[in-house]
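Here's a solo chain for you in structure tokens, the form predicted alone.
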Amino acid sequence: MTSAELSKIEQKKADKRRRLLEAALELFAERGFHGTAVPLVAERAGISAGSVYRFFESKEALVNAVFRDAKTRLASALSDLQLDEDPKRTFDDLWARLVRFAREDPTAFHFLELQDHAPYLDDESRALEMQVLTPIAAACAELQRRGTFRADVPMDVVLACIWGAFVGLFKAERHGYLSLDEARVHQARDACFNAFAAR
């Protein structure tokens, strides 16, 4: 077999794996982990159910691969976050990156919001989750160090409140409880900043 033929086979395998990941992402976001059966993933991906197990040994292995793929996309959206001399600009940039991710990759965002501390996530997925939080934590810690954010609120509480507010906004929009135009997104951003700003 020539190297060109081998390359074509490898490309087909990579394409099939990508189709599986995208189909599983959609289904896990729509139906949750427990409501998604492997044959449904195979059907949506347009392959046989048995083919799934050539790539992933179990549904748990599949959901972890999907999680890591989506989390890596979020990490890319947050990469190279710069700490500006103006602390509010740093926070605004962080918020804008999260908004862009939620708007441009809504299925991945919805899937990730469902996965917090899910018991089926493996050590590699949990480590990646912590790695993705690092730039956010670093930005908030720097705002605290500079005296911009209140020092009397622990950093993990600050992060949980800001992330929770952000997720809640987009979940409410998805369910039709509110409409998020640019002005409302900015109002929510400023409210989160002001909630922890030093007085």
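Since the structure is predicted, the reported quantities are computational estimates derived from the model, not experimental observations. We number the residues from 1 along the sequence you see.
Note that the form predicted in complex with another copy of the chain isn't included here; everything after this is about it.
Which among 61-69, 47-55, 134-142, 147-155 is in contact with another copy of the chain in the predicted bound form, heavy atoms within 4.5 angstroms? Heavy atoms within 4.5 Å of another copy of the chain in the predicted bound form occur in 147-155.
Contact with another copy of the chain in the predicted bound form for residue 169, defined as at least one heavy atom pair within 4.5 Å: yes or no? Close contact exists here: in the predicted bound form, residue 169 approaches another copy of the chain to within 4.5 Å, heavy atoms only.
Given that the partner is absent here, does residue 39 sit within 4.5 Å of another copy of the chain in the predicted bound form, heavy atoms only? Flag for residue 39 set to no.
Indicate whether residue 191 is a 4.5 Å heavy atom neighbour of another copy of the chain in the predicted bound form. It does: once another copy of the chain is placed as it appears in the predicted bound form, residue 191 has a heavy atom within 4.5 Å of it.
State yes or no: in the predicted bound form, is some non-hydrogen atom of residue 184 no more than 4.5 angstroms from a non-hydrogen atom of another copy of the chain? Output for residue 184 is yes: heavy atoms within 4.5 Å of another copy of the chain.
Using a 4.5 Å cut-off on heavy atoms, which residues of 126-143 contact another copy of the chain in the predicted bound form? 129, 130 sit within 4.5 Å of the partner.
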